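There is one chain below, alone, in structure tokens, taken in the form predicted on its own.
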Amino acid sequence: MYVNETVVYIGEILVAIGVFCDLAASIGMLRFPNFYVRLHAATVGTIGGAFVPLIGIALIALGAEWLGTYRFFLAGASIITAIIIIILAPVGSHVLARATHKARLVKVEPKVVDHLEEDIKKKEGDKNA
């Protein structure tokens, strides 16, 4: 009985961490200055606000003996969904950032390095030569 209670408490802590990450991400989405930084906040909300609580739900389900054998289905579905999110969320945010940068929809200043701009200047130089 002690192990099940501990697993449930750890799951509840993970769900609470997810609530904090979602709150921080929503504040960041409102307060951050441009698209790229807001995209970072959205990714924090996705990873911290979806992945972590899903792992917590899986632990809570494994500790909930009153669910019977259904607890394994709930835990398995939560873990598989968390794995899918952890794989797809960074890819999705990268694709959004790359498409926005290539379309030049957002101007970011100051720039340290912009490889797209360097490639465009090089191509223009090749056409003129």
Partner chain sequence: MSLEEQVTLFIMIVFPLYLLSFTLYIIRAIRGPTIPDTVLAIDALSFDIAAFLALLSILYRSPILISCAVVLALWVYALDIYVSKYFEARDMGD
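Residue numbers count along the first chain shown, from 1. Everything numeric here is computed off the predicted structure, so don't read it as measured data. Rigid core here is just the name for the largest C-alpha set that superposes within 1.5 Å across the two forms.
One more form of this protein, predicted together with its partner chain, exists but is not displayed; see below.
Its partner chain in the model of the complex comes within 4.5 Å of no heavy atom belonging to Leu116. Although the partner is absent from this view, Val15 contacts its partner chain in the model of the complex, with a non-hydrogen atom inside 4.5 angstroms.
Taking non-hydrogen atoms only, Asp126 never approaches its partner chain to within 4.5 angstroms in the model of the complex. For the stretch 9-29, the set of residues having any non-hydrogen atom within 4.5 angstroms of its partner chain in the model of the complex comprises Tyr9, Glu12, Val15, Ala16, Val19, Asp22, Leu23, Ala25, Ser26, Ile27, Met29, in sequence order. With the core held fixed, Ile13 shows a CA shift below 2 Å between this form and the one not shown. In this overlay on the rigid core, Leu23 has a C-alpha that sits less than 2 Å away from its partner position between this form and the one not shown.
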